[in-house]
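There is one chain below, alone, in structure tokens, taken in the form predicted alone.
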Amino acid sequence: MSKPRAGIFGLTGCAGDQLVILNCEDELLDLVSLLDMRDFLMAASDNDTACDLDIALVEGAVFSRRDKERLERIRQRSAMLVAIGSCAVWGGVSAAERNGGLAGLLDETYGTQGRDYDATEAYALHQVVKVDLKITGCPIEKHEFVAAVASLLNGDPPVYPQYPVCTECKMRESNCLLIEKSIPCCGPLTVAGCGARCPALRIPCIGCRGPAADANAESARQMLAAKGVPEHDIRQRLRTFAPTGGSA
């Protein structure tokens, strides 16, 4: 049986999700033995940029006409397209709300020459093409990526947590920063999968993984209000990484 042909691509982003894949030291040789990696620019200079792919994994947001055209080409050549990372899944920091919009940001950063740049409003992948699977995270978690590949090779869709980071915080028996210290924390509303790493280090969750489907938003709102945390502050924090959170 032939190995699935795969490609890994990056649009506008930090390339952190591709780096996580390359940092799968213990599993990398197994992954390479199970996948026919045809197109992965960060890992190799000799790539087949035209072949059909069984699986394409794409990180980054669509932030230019070039990004859009490239994503559409990847979609056309791929049987399955997987969005990896919060930028690809939710739009990420590139799509965060800006005062003055994109034109104002370009003017402020680059002056008048910025008006000629190939830059558009940022979009998550699902807003441009059909996405078959999403692996969120900023960056993605190594164990979730490896589990996703294993599930796909077995013909099964991977299953990810739908509950919030707070659940993992309880599992680790970490003290709640919001309840004990009245520190604004996005853990009640952010999807789990990170092992509540930041709260365990006494650092409040900033919502980098995007919204949890099973979050009790009303209960979280009441708890935040009781601790004197303005709802607007939490909304802004969540929209830093997941501005398209309501539509994914």
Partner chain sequence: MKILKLPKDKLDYFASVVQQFGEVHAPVEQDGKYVFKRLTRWSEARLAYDRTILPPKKYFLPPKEPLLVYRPGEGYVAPAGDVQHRLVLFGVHACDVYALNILDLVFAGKYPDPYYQARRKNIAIIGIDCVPDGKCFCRSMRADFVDHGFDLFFCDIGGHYLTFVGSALGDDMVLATETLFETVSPADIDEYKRRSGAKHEAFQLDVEIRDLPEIFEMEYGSAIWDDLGAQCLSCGSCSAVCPTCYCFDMNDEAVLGSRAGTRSRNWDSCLFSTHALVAGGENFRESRSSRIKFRFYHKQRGFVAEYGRPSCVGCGRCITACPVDIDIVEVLAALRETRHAATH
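On a predicted model such as this, the values are computed, not experimentally measured, just so you know. Numbering follows the first chain given and starts at 1.
Form predicted together with the partner chain: not shown, discussed below.
Not one of S78, G85 and I135 places a heavy atom within 4.5 Å of the partner chain in the model of the complex.
For the chain shown alone, L71 is not a contact residue for the partner chain in the model of the complex, no non-hydrogen atom being within 4.5 angstroms. The partner chain in the model of the complex comes within 4.5 Å of no heavy atom belonging to I55. When the partner chain is considered in the model of the complex, K170 lines it closely, a heavy atom lying within 4.5 Å. At a distance threshold of 4.5 angstroms between non-hydrogen atoms, A124 is out of contact with the partner chain in the model of the complex.
Shown here without the partner chain, the chain has R202, A213, D214, A215, N216 in 201 to 217 lying with a heavy atom within 4.5 Å of that partner in the model of the complex.
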